[in-house]
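One chain follows as structure tokens, the form predicted alone.
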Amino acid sequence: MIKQRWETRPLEIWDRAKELRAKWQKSIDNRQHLLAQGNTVESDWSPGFEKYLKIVEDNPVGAFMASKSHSFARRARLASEVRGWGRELCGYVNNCWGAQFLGRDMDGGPFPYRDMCVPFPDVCDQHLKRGQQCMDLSPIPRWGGDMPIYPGERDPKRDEEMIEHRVYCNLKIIADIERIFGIEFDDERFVENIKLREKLSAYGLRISQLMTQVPTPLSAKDLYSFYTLGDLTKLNPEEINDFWKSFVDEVQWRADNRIAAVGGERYRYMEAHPPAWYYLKYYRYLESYGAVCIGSQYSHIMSGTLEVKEDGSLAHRDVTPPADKPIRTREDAVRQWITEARGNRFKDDEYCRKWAITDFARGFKADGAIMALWRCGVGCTLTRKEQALRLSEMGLRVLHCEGSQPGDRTDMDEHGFLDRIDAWMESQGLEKLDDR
């Protein structure tokens, strides 16, 4: 049996990505900026406060902790549990805020306490609760945001009303931060960031399109090392755009020269939402069968909403673009950004456009799917069973696994998961490539 079908090479840009991640961490640890707990993906006004403020979102922090130090993450979650935050709460939250209760970070340094709290609004019910622990520990300002969402066909009038509500919320937050902390919002810098984000979205789309090629030049495991840079992990916008341009160039070269992420690729599977960060071993285990993960709507978040066009190509879903009006005021800029972000928000697509999941599977030429049923957080499981049925109807074999949450190892049966993978692969007539 042929084990190596394609040439493989390490990604040359990997070291640069690590440097950027370390630079972000250093900017958090040195406390030269105000720290805001939360995120502002849909209406990212943080560049307007670039001189004074850093956003720290729980998702990458909690996931990194789960991946790098199970023992510390476990102690952190226990510190949350003994204060009444149960195991049904998102593992990212309990990792991050358990460290807050312990008073130290994973590397042994002091925990970087936040100066304000702007919870990332999301359909996952856990997100707005994330600010509770942060606010209860010390009397810091906290704002709540909304993420309006509805099922069914798009209603332009309804969308307009929801966008205006988000515009009001964000203008109020910006004005409150200026008033409370005595800092000035840089409107010109904010407008510059809107233009830079358009380029970033185009780079993300190109990465996704290149991953549809057989063999794929990039696996989901590779992509997870980069996809938060510039989004959940916020850095200088110009620096991030330069990084993603170089990243696209390298992946394009790999695609042109048929450099594979997995040398024995013969089976492609997709996922739904984040993987078990504490047990990424299963990616390598599946590679022994010649199986490569091409990701999920979540891992391709930089690309926005995707659909298969009539010619079979994968591209952005057609949405109503924002009005082409000059930006003269802060309100114009906030409205422009929210309107653009709303049209490319994968959460709307995943939960409200029922065939988005099958478009994704067709676009990436998936043969199967692993659909985790996480027990914590509605956003991690909403519509998952329905999506599995739709994938089964189009011929994909679907494997379910269970666990607490991607950031919480407590209830994951790791050995049982590998046994189910073996049975799943064998049921499709596949044996390990190194078996004779």
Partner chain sequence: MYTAGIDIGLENIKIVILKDASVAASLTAPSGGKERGKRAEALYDEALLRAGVSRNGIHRTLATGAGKFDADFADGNIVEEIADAAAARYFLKDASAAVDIGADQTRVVSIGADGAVTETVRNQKCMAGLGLALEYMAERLDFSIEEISLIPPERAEGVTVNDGCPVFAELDALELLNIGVPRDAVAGAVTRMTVVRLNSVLRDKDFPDRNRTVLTGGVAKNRAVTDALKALSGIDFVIPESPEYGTALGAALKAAD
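Keep in mind the model is a prediction, meaning the values are calculated, not measured. Numbering follows the first chain given and starts at 1.
What comes next is about the form predicted together with its partner chain, which is not displayed.
Discussion item. Residue-level contact is defined here as any heavy atom of the residue lying within 4.5 Å of its partner chain in the predicted complex; does residue 19 satisfy this criterion?
Written reply: No.
Worksheet item: So in the predicted complex, does any heavy atom of residue 33 sit within 4.5 Å of its partner chain?
Response: No, no contact at 4.5 Å.
Worksheet item: For residue 13, is any heavy atom within 4.5 Å of its partner chain in the predicted complex, or not?
Response: So residue 13 does not count as contacting its partner chain.
Worksheet item: For residue 394, is any heavy atom within 4.5 Å of its partner chain in the predicted complex, or not?
Response: Close contact is absent here: in the predicted complex, residue 394 is far from its partner chain, nothing within 4.5 Å, heavy atoms only.
Item to complete: Would you confirm whether the three residues 223, 250 and 266 all fall within 4.5 Å of its partner chain in the predicted complex, going by non-hydrogen atoms?
Response: Not a single residue of the candidate spot has a heavy atom within 4.5 Å of its partner chain in the predicted complex.
Worksheet item: Looking at its partner chain in the predicted complex, which residues in 383 to 402 have at least one heavy atom within 4.5 Å of it?
Response: Stretch hits, in order: 385, 389, 392, 397, 398, 400, 402.
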